[in-house]
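One chain is shown next in structure tokens, namely the form predicted alone.
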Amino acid sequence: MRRSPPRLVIVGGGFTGATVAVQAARRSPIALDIVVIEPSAELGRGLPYQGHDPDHRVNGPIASHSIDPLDTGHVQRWLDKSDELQKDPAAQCSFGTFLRRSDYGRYLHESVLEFSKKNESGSTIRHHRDRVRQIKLESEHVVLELEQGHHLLGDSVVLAFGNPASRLPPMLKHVSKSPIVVHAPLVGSALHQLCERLAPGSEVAVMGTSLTAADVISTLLRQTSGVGITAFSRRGLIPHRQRPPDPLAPSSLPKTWLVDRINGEVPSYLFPDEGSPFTVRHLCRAMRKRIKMLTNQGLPWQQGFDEARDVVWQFWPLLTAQEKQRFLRRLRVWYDVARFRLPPQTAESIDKAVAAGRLAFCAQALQGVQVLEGQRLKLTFQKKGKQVEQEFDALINCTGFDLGGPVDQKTLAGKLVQAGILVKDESGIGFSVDKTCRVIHSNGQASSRIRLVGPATAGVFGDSLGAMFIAVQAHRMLPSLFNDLGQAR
């Protein structure tokens, strides 16, 4: 009797789910029945790639954003077959090609369709439009209870949660439904509706100065006229610029260059002297010393930073839980502005607005918000130890998501925590997994049937938030997944 192929169920169809599905289909030694459970109509379009705003761009060049990290030329081949660059000539600049987020989402969706029709293992990739309500482990299967009332059996499950929903700061809860307060600017049409209402001379406050704020500012600059913008955060830090192209870099690289780089050796200077503890303080000193040496040679500081960033998943686990929490509490914001860099097109737009006096960045903490008569807002800030008040015509929340926040018990992740299937990581960020992404249950045992990939593993691996890191993480996870699937049959 012929046995059906093992079933791999992927929960979540954003970038993480899409890259796991494609890589599994291309690399599996046997045919698999791959089912991606995602309520959206198209796979690959996670939160960053759902919108259609032409001002929002992927912040990394296409060479590092392939759906398959062992085939880094895949995006370029897709572009060569399409007319995307003719529609968006501004995508190409001296730093590389930076696609609009909406176009990159189309690339991901079409790539999944491409490998659904034909792939190296003969696997099937099916998109099941639904949500998972609960997951239960049985002796021979994983049972997934779906919201529409059905049940699905899987031999192995990969949880691809992606990023959590945007965080609503406590001082905004009482004004979150006001038409002049936009809470989730990258979701839906609230931001564009606000732009239509803003008259010349209006003043807009943008809460947050990260990449989300940069996207929102780009929209405000293009879709409004004569509107002043004040972007603020506690430290007023804005993302750094992209690393300039290396003139000495080889003109062609092997398809595997990205995996080779991220899976490469940790630079020796990052390790402390023998007998000394591995601490955040040592890492900071080592990186500063390395960056200073490179800049003295006329090389970009980003080169020294990237050497450590690319292999952070290897040395982050060597830190104690206390050291990880110290980094997240004191240094993460500084790391993020160097790590998550502005696309050159966005950086140029922001620089021009600052020079023209239309945009300002401030270091100040929001203390309170009051709605005034005539639909204006009075914001109270803490700035250099003093309280400062300022009126605005609108407020846009760009504080983003918080992986370290409490787990909502109504979500699937919350239910899995209650069931003991998931456990919060000791760092306070995301959930606990082993080195092959098997989830650690509340009894301390690693699951052979359930894995977790992507941003929710940031506490374990240090940096699993960007597309290229998620793709390579999936690549590292797959051999053990294939092995467990073989043993389970």
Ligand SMILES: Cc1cc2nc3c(=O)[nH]c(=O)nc-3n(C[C@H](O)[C@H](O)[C@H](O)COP(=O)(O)OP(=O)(O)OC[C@H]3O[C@@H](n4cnc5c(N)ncnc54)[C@H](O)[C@@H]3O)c2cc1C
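Residue numbers here begin at 1 and follow the sequence given. Not measured: the values here are computed from a predicted model.
Another form, the form predicted together with the ligand, is not on view; read the next lines as being about it.
Engineer: Counting only non-hydrogen atoms, choose the one of 269-277, 125-133, 83-91, 289-297 that falls within 4.5 Å of the ligand in the predicted complex.
Structural biologist: It is 125-133 that comes within 4.5 Å of the partner.
Engineer: Does any heavy atom of residue 59 come within 4.5 Å of a heavy atom of the ligand in the predicted complex?
Structural biologist: Yes - in the predicted complex, heavy atoms of residue 59 and the ligand come within 4.5 Å of each other.
Engineer: In the predicted complex, is there a heavy atom of the ligand that lies within 4.5 Å of any heavy atom of residue 431, even though the partner is absent here?
Structural biologist: It does not: once the ligand is placed as it appears in the predicted complex, residue 431 has no heavy atom within 4.5 Å of it.
Engineer: Please check if residue 401 has a heavy atom lying within 4.5 Å of any heavy atom of the ligand in the predicted complex.
Structural biologist: Taking the distances in the predicted complex, the answer for residue 401 is yes, it comes within 4.5 Å of the ligand.
Engineer: Heavy atom to heavy atom, is residue 29 within 4.5 Å of the ligand in the predicted complex?
Structural biologist: Residue 29: no, not in contact with the ligand in the predicted complex.
Engineer: Is it the case that 320, 424 and 462 all touch the ligand in the predicted complex, with a non-hydrogen atom of each within 4.5 angstroms?
Structural biologist: No: no residue has a heavy atom within 4.5 Å of the partner.
Engineer: Would you kindly say which of 347, 353, 337, 412 lies with a heavy atom within 4.5 Å of the ligand in the predicted complex?
Structural biologist: The option sitting close enough to the partner is 412.
Engineer: Answer with one of 73, 228, 96, 162: the residue that has a non-hydrogen atom within 4.5 Å of the ligand in the predicted complex.
Structural biologist: Among 73, 228, 96, 162, a heavy atom within 4.5 Å of the ligand in the predicted complex occurs only for 162.
Engineer: If you apply a 4.5 angstroms heavy atom cut-off, which residues in 16-36 are near the ligand in the predicted complex?
Structural biologist: Heavy-atom contacts within 4.5 Å come from 16, 17.
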